[in-house]
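Below sits a lone chain in structure tokens, taken as the form predicted on its own.
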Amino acid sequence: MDAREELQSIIGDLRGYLAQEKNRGLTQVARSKAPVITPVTTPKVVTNAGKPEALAKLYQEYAACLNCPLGRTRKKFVFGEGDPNARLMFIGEGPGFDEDHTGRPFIGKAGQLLTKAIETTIGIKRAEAYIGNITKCHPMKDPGKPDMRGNDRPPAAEEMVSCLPIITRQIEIIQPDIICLLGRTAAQAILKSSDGIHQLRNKFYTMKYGSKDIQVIATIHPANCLYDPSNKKYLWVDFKKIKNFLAAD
């Protein structure tokens, strides 16, 4: 391959990468004290009264999605739930066994801990927040055994890329004041970072959707608190920051 052919190959690879980033729905601008992440497109503003209808329409658009292999092995599509006008939104990585069997996010043991933390530390009811995941279908180690517990795995990069337009649109519709990213996988996907959760947590970021700046904080996943109860202190510290933010606004 001569220099000209090599340059053309590099340009082709770059174009492919940029197209992939555009499909992800987000592009990161230069970092400042509060990194700003801006969507590629400017969404239409949805009024509070129109948010339930907009979310229902989005659900219908993707409920039968087969854009990645997860759609072929799921039991239920786990869209998300909560107040369409929520000021606070939680985003995890993906559904587990209980969620896959019920179609509801965060209802297993980790979800019960999340609910307790929301209500006792932040001081609001779970139903007052909105809870969703990056992927809407259950990532399984063995897709042939959907009825086996302990069959969970983190979603692959291509699975998250396929689902990111859904969670992005949910954010655009709900327009929360603050988003809490639960765990390393969700934090890395939304913030487009390779840092670990302890490097990403305990600070605020800014995501800009349309004309609104939305504050974002990452924290440890509730499931990690079940494996190691000493991790609860990180969850509680970050949730106190959320409580103070909501109280100050």
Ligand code: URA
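In case it trips you up, residue 1 is the first one in the sequence shown, and so on. Quick caveat, the model's predicted, so the values are computed rather than measured.
In what follows, reference is made to the form predicted in complex with the named molecule, a form of this protein that is not presented.
Undergrad: The chain here is shown without the named molecule. Which stretch in 69 to 77, 100 to 108, 141 to 149, 163 to 171 comes within 4.5 angstroms of it in the model of the complex, by heavy atom distance?
TA: Going by heavy atoms within 4.5 Å, the stretch is 100 to 108.
Undergrad: Answer with yes or no whether G94 is in contact with the named molecule in the model of the complex, where contact means some heavy atom within 4.5 Å.
TA: G94 belongs to the contact set for the named molecule.
Undergrad: In the model of the complex, does H221 come within 4.5 Å of the named molecule, counting heavy atoms only?
TA: H221: yes, in contact with the named molecule in the model of the complex.
Undergrad: What residues of 128 to 165, in sequence order, lie within 4.5 Å of the named molecule in the model of the complex by heavy atom?
TA: Only a single residue, N133, comes within 4.5 Å of the partner.
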